[in-house]
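Okay, so we've got a single protein chain in two different forms coming up as structure tokens, structure 1 first and structure 2 after it.
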Structure 1
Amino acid sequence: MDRNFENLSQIELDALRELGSIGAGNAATALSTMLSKRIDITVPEIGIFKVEEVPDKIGGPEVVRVGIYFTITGDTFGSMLLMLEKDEGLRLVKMMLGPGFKINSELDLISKSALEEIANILVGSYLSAFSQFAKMRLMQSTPAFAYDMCGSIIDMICIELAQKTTHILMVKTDFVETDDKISANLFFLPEPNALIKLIESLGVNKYESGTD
């Protein structure tokens, strides 16, 4: 069944936002356990965009970002991508490794490994929520690290997916520890049928809002 993903009803968007909140809550709990400190989250911003629109949503195609991405297999096929500004990525590493760990301004091997581990936890938490609600078996690959222009990272992933992805689900949330706040963009790049199944699995209908 064809869907116009740009014209989802408010009730569908609210349901996706609730699903994003569950995934973010799982991720915050997992990070808090790993870091032995409290991590809070903000209510996620949810959006579904055409692939070509995504770079403009996060600063433009030529803006350089850290990207950690995973191939998703199982009952569907696609990718998950965590994208951060480099400075926020380094702050996240320092948050993870503690104030006694000195990091430089570059993404060295330790910083990359720490970010990959954090991304592994975040993506696993969101996939767990997606799997539960969509009743799909979803498995993630080992993480792949990229530090490049936003447009190049998105293009690279879409090429790997053989151009099957037409729309991307974006979940934007802030992770807060004391006075420090890290903004993270998480993208789900599924094949179209998987996105349809995810939306329909939420048990809402675009006409349930009470309007014709």
Structure 2
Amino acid sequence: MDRNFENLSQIELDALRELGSIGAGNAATALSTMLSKRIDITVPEIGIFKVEEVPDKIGGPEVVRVGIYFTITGDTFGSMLLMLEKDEGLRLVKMMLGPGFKINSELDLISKSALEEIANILVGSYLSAFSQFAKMRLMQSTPAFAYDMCGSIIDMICIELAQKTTHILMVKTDFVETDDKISANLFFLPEPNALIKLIESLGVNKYESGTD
């Protein structure tokens, strides 16, 4: 039976937001260590939308972004997607590779793999904090890179979810580096069954709907 995300109680949403904070905090620390820069994070935003509303919710379908995508498997499953502007991505690459490295103004192979690596570290540390706290085994896929319109980057994730659910839950966190004005959005989109497991693992499995 497809449990509807709309039935989540406030306490369950708070628990998920807290879990998101723990993951994001760990990810920010890892990124900060790697770049020797201060990285701030926003309080995770949790939203429940119709699947077809997702392109609007991530910034608009026609906006052009770099997107780095991971599938998550193991005890819970879903997708994680890091999105940022191309120029901010290039500044991030420069920060990572050092001032001596000449960066192309376009995304070449080196920039792409540097960004994939940054995303890999962010998502990896997000998930490791997550899995320790929720006592779950989680694995991430290799990163998949796209530079295109947001709608086209996100639609495969939407399609995947649309086969199982009408509504999705999305956890969004922003990572901000102030000096170079870099801001990246990290989106976590668990699948419906995964979400139930997640909530059960947190010990707050009280649905208000009473459908159970």
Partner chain sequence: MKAELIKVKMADVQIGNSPAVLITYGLGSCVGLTIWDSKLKWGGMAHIMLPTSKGFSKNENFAKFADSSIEYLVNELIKMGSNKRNLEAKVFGGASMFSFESKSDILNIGDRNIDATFNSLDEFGISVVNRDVGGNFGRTISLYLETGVVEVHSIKNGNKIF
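Take the two forms, find the largest set of C-alpha atoms that superpose within 1.5 Å, and that set is the rigid core. Treat the numbers as computed from the prediction; the structure is a model and nothing was measured. Sequence positions of structure 1, starting at 1, serve as the residue numbers.
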Pick the form predicted on its own out of these two and give me its number. 1
D174: CA shift of at least 2 Å between the two structures after core fit? yes
C-alpha of F145 off by 2 Å or more between the two structures on rigid core: no
Residue shift check between the two structures, rigid core fit, E191 Cα at least 2 Å: no
In Å, the rigid core superposition gives a C-alpha shift for I41 between the two structures of 5.3
